[in-house]
Every structure is written in structure tokens, then in C-alpha cells.
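In C-alpha cells, one chain follows: the form predicted alone.
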Amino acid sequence: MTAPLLTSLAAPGGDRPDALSVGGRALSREELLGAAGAVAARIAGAPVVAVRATATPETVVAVVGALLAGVPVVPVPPDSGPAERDHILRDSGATLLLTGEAVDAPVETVPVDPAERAAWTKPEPDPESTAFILYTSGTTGAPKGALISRRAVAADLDGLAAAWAWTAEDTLVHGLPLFHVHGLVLGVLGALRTGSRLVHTGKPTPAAYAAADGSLYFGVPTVWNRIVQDPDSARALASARLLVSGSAPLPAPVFRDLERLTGQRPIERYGMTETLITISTRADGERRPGYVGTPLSGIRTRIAAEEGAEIGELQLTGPTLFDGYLNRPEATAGSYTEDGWFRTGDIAAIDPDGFHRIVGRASTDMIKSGGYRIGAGEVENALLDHPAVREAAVVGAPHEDLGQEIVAYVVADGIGEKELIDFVASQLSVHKRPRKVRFLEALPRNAMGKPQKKLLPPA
């Protein structure tokens, strides 16, 4: 049985003044709970609250305060434009915006001060109640609010703690945004629930990671790529227990460079806003480049593939799934199969030993060319294996004869199109080679470092 979400917030075995450090500003757990209690007292009874999710102690205090009060939390990216912000506030029904600094907003703002103190003694809210309304990236229209229950968050964090042997003895280090599952749910609530110390570096620079002296590090591929480009900072992570990568596939060359410089292989995991984290490599298990491991406790997965195909849509079920999209019953129904499995929209393969490999998104990364089904991720990894290539994104473009042709967008130095095409053909099946290569200064990416393929120039 999963313990209630907030029962583990009290410091196990004593407190420390720097139990939580965000951007160089520290709080003890007692100070955090006192400040969060003041927030809870101020907002109790509100239907929904938004939090301007800057990488600051104010954000952590606001989120924990809302969870204490049992008020659903809507994290708002601090760099969101007025249209995106107002859509999130309006769609979610948030009546208050918690913030650490004065901002203009279409709803009442509530200042958050980590120095405030108030006791909060009311009981833990219903585990089935909503903890978060997390907005999707909006790549297929206006962002949708995913309803995440307290039970789902607790089950996910406990599953990850078991998979990663994550305990109060750890020091978690990361510099990820606090408005996504990765940085906020895992990177803040995970530390609070397990009792580990948290060091949020503000920005995820190689130097900041190296100086933090952690045992457990979170990063996205962009962060890890920058770290391996700074060998001294990378070597400083050699004493860490686990290096965890997520939010996008970790390129195989970065995986190998991390192993070479730190002496350990990174761990990859897989999840979505709607499902939280569902698959991960284990701390005591095999770590393979290009694989995200096996399902967490209680999660079941399957591949919906066409007959004879090795890859297909990943579908899953388990206790970490969301409770639907806010006020969008048709979108919620469409995200499930007739027999109740969630359709991730990701293309994957499962090896006989249960290891999962994510190939890409069904909408952009499943390429059908000349009768073959090709995963863009496999071609991207092959391109990244060439020493001249720094970034790569692969798409399928319409083709009169093949149906789709493989087009690669790369950031590279001193290499031509034909050489790269031939290189991929030498690494993979010939039919998986790009037919065209386009050279860019940089790939378009979102705040989590994921390439935004829909923003690529025409093939």
C-alpha cells in the first residue's frame, strides 16, 4: 500500500540547515514546512492555484504549501508568453497565482515568502484527489491540462526510489526547470519524500554540477552533452552513485563519453506528463546505451505493432497514470485503447529480456519508406556516432516513389552530405540511410532540450 504523499516530508534522523538548496539559497526541512504552512493557511479552500515556477525556494514553498492545503497546483513556466500563460490560467480555473516577485496577471497574485512561518496541522488530503494539473507541450494544439493524483505521484516516487536505491543518504543534484515532471515532481518531491538532500544548481552548467558534490544527478541529454564537452567537470562526477538522464533519448556517443570520463554508465528512464515515469534502468541492473530499462513496480507494457513488425506503439497501464485531461473527455477517451491501456504515441521495441528501447514519436518518428518501417531515433544515433556530428534530427518527408524518404538535419563540422549518407549505410541496413542531409547551425529545442521537429525548415 502506498503511503500518503506528504507523510515523508519531516526530516528522517534529524534536520540540516541546507536540506534544500535552490540557486545557492538554503532552507532546512523545518523552515520549508513552516513557510509552506503559511502558504497553506492563506490559500486553503481555493479550487486551484497556479505557481509561477521559477527555479527558486519560493516555488518549492508554494508547491508544498498547496499540497499541504489539498489545493491542485498548476505550474506555470516563468518564460511563458502572455497568450500561453493566460490560456493555462483560464483553462485550469486557477483563481490565484503564487509568486515570489510582483507580476501582472489576469488573476489575483499571492506573494510567497520563505521567511514566513505558520503551523499546519490538518490531515493529509484524499490520495485520490488532484495534486497537479500539468500542461502538455501543446505540439498538437493548445496545451491540455493533465490531472495527476496524489496517489499517482506517491506511487511513482516510491517506484523510482526502489529502482534507484534512492534513500535519505543521497544528495540529489540537478538544475532542471521546476514546471515539468522531471524537475519538479522527481527533482523536488522525490527528494522530499525519500529524505535526501536537494541541491538545485539554478542553471545546469557543468561547473555547477561538478561543484555540488552529489551522489545522484538528474539531467537531460543537452545537459549531459555539455558536461562531456567539459572533461574536468565530467570527471568531478566520478564519485557520484547514479547519473540519470531523461526527457529525451540520450545519444549513444554521450552515453559512452560519460562512461569514459566518470567511470560509470548513466541510467535512462522513460515517462510522459500523463504517465509520470514508468520505465527505468535499475541501479543494480544492466545499463545499455539506447535503452530505458524495464517497467517500474505495478506498470505493465505492451507493443501494438503491425504483423511482422519489430516496433510499434508503446501502450501501458499502472498506478502512475493520470486521471484524464481537464474538461476534455473526448481527448481523454482517445488516449486509451478499447481495453483500457494508455496509448503513449511513442514507438518502441521490447527485447526478449524485457528491456525497452524507445524509437521516437508515432507522429514524427515512425518513417515508412519503400515498405520498411524505420524509427528515426535509430538513424539519429547512427549519425551521432560520426565524430563530426554534434546534433541530429531525422524525419520522413513525402516521396512519390518511396512514400517517405529519410531526411537528416545535422549540426556538423567539416563533412559533406554523401559522406554522412554512406556512413549511416555502413552502420545500419542500407534502406535506413538518409536520402538527404540538411546542415543547420543548431536544432530547435524546447526548455527540456527536446528537438522540436515541427520547427525544422522544409526538407
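Keep in mind it's a predicted model, so treat the numbers as computed, not measured. Numbers follow the displayed sequence, beginning with 1. By rigid core we mean the largest C-alpha set that fits within 1.5 Å across both forms.
Although it is not shown, the form predicted together with adenosine monophosphate (AMP) is what the next lines describe.
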Contact label in the predicted complex: S247 to adenosine monophosphate (AMP), heavy atom within 4.5 Å = yes
is_contact(M272, adenosine monophosphate (AMP)) in the predicted complex, heavy atom dist at most 4.5 Å | yes
Using a 4.5 Å heavy atom cut-off, state whether R197 contacts adenosine monophosphate (AMP) in the predicted complex.
-> no
Could you confirm whether R193 comes within 4.5 Å of adenosine monophosphate (AMP) in the predicted complex, counting heavy atoms only?
-> no
Note: exactly one of E378, D346, D158, E116 sits with a heavy atom within 4.5 Å of adenosine monophosphate (AMP) in the predicted complex, namely D346
Assert contact residue (adenosine monophosphate (AMP), in the predicted complex, non-hydrogen atom within 4.5 Å, options R361, H87, R287, H386) equals R361
From the candidate stretches 161-169, 97-105, 378-386, 353-361, select the single one in contact with adenosine monophosphate (AMP) in the predicted complex, where contact means a heavy atom within 4.5 Å.
-> 353-361
Look at the candidate spot formed by A234, R445 and K450 and say whether adenosine monophosphate (AMP) comes within 4.5 Å of a heavy atom in all three of them in the predicted complex.
-> no
Flag for R29, CA shift 2 Å or larger between this form and the one not shown after aligning core = no
Shift of Q404 between this form and the one not shown at or above 2 Å (CA, core fit) | yes
Aligning on the rigid core, do we see the C-alpha of K432 shift 2 angstroms or more between this form and the one not shown?
-> yes
One pair moves by 3 angstroms or more in the predicted complex: the C-alpha atoms of Q404 and V292, which are closer
Which way does the C-alpha gap of K432 and V292 go in the predicted complex, closer or farther, given it changes by 3 angstroms or more?
-> farther
